[in-house]
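Form predicted on its own, single chain, as structure tokens, below.
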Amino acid sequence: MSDSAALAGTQPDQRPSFGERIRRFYSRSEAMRGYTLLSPTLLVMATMLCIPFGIMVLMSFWTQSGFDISTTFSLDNYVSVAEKPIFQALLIRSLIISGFCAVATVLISYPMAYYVAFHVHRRKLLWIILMTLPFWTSYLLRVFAWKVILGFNGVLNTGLMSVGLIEQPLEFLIYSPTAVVITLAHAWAAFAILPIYVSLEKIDRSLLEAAADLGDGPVRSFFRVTLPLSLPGVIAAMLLIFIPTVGDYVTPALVGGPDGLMMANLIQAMFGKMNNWPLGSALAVSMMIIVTLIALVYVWITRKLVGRIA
């Protein structure tokens, strides 16, 4: 007790200072410590993502005539997106190609993840690194490599003709939606392998032993135990592949040809040769909204299915 407080016959103020209360709250709140760790990333996202996205949304309500941009609020761009058949056709094609790509990627990734999770008992990290080794190269180099493989005089056509299986090069292999699906499936395979592998690795092996004790064979045990328990990884992989590939424009431009062009190619043209940024912004915003709705419906349906299986 201080001398002044003793002389006054009163107790000193025991209330903690504002800084002390903040320190105590910070030390007690685990969530606040987590947000603090995330703050640099959140700051970069707010600066590099949210601000440009807000500008794009704002611009989508503007109109352009020639080189003149009118900043008057208008829904004309969205009306054009909804009414013009070319936009709808490209959007539907983009969704179909990305859907096939997501399914194909999961189908080729699941066996690899399954093998590493269940049949590799030593040096798993090395196996995972080896699976991702092709992705250490440039994305463009991988796309050009597929042009060499799928081209009219490429590795695949030349090999099939040399063994007598075909007489003419298979034209659908390059500059087609098939080429886009094949190239995207390979380009994004690593992003599907990792979540599937994690979900497979977390499966309790005693459940598989119990299924075997109850008379299930390997196939029946897989469909009754392994596959249902690995569905969270499969669902995550499908979303990780579907969402970004809808907006991919490099692969369709290089191997898609006229029949393989997607909505992102049109958006890129709107910001380039066609020089209509407001309409390009409306196309981009419309596509993001539709993809978000599809993803939400997909998650809702898969949760229902997983809940029933569980």
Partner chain sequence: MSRPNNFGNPSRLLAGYAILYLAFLYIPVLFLPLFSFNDALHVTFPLKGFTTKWYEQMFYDEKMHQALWNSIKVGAVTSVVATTLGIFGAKAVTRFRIPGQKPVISVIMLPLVIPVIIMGVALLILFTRIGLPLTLFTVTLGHILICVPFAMATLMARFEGFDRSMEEAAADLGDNAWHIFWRVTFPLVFPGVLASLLLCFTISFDEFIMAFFLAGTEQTLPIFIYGQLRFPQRLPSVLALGACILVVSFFVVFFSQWLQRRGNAKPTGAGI
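We call the rigid core whatever largest set of C-alpha positions still superposes within 1.5 Å between the two forms. Numbering follows the first chain given and starts at 1. Please read all numbers here as calculations on a predicted model, not as lab measurements.
What comes next is about the form predicted together with the partner chain, which is not displayed.
The partner chain in the predicted complex comes within 4.5 Å of no heavy atom belonging to Arg122. Proximity of Trp127 to the partner chain in the predicted complex falls within the 4.5 Å heavy atom cutoff. Though the partner is left out of this view, Glu83 does not reach within 4.5 Å of the partner chain in the predicted complex, counting heavy atoms only. For the chain shown alone, Asp213 is a contact residue for the partner chain in the predicted complex, at least one non-hydrogen atom being within 4.5 angstroms. Across the proposed site, Leu49, Ile69 and Ala253 without exception bring a heavy atom within 4.5 Å of the partner chain in the predicted complex. Partner proximity in the predicted complex, defined as non-hydrogen atoms within 4.5 angstroms of the partner chain, places exactly one of 72 to 80, 134 to 142, 94 to 102, 227 to 235 at the interface: 134 to 142. For the stretch 91 to 106, the set of residues having any non-hydrogen atom within 4.5 angstroms of the partner chain in the predicted complex is empty. In the core-superposed comparison between this form and the one not shown, Pro40 has its Cα shifted by at least 2 Å. Once you line up the core between this form and the one not shown, the Cα of Ile69 stays within less than 2 Å of where it was.
After superposition on the rigid core, displacement of the C-alpha of Leu49 between this form and the one not shown amounts to 2 Å or more.
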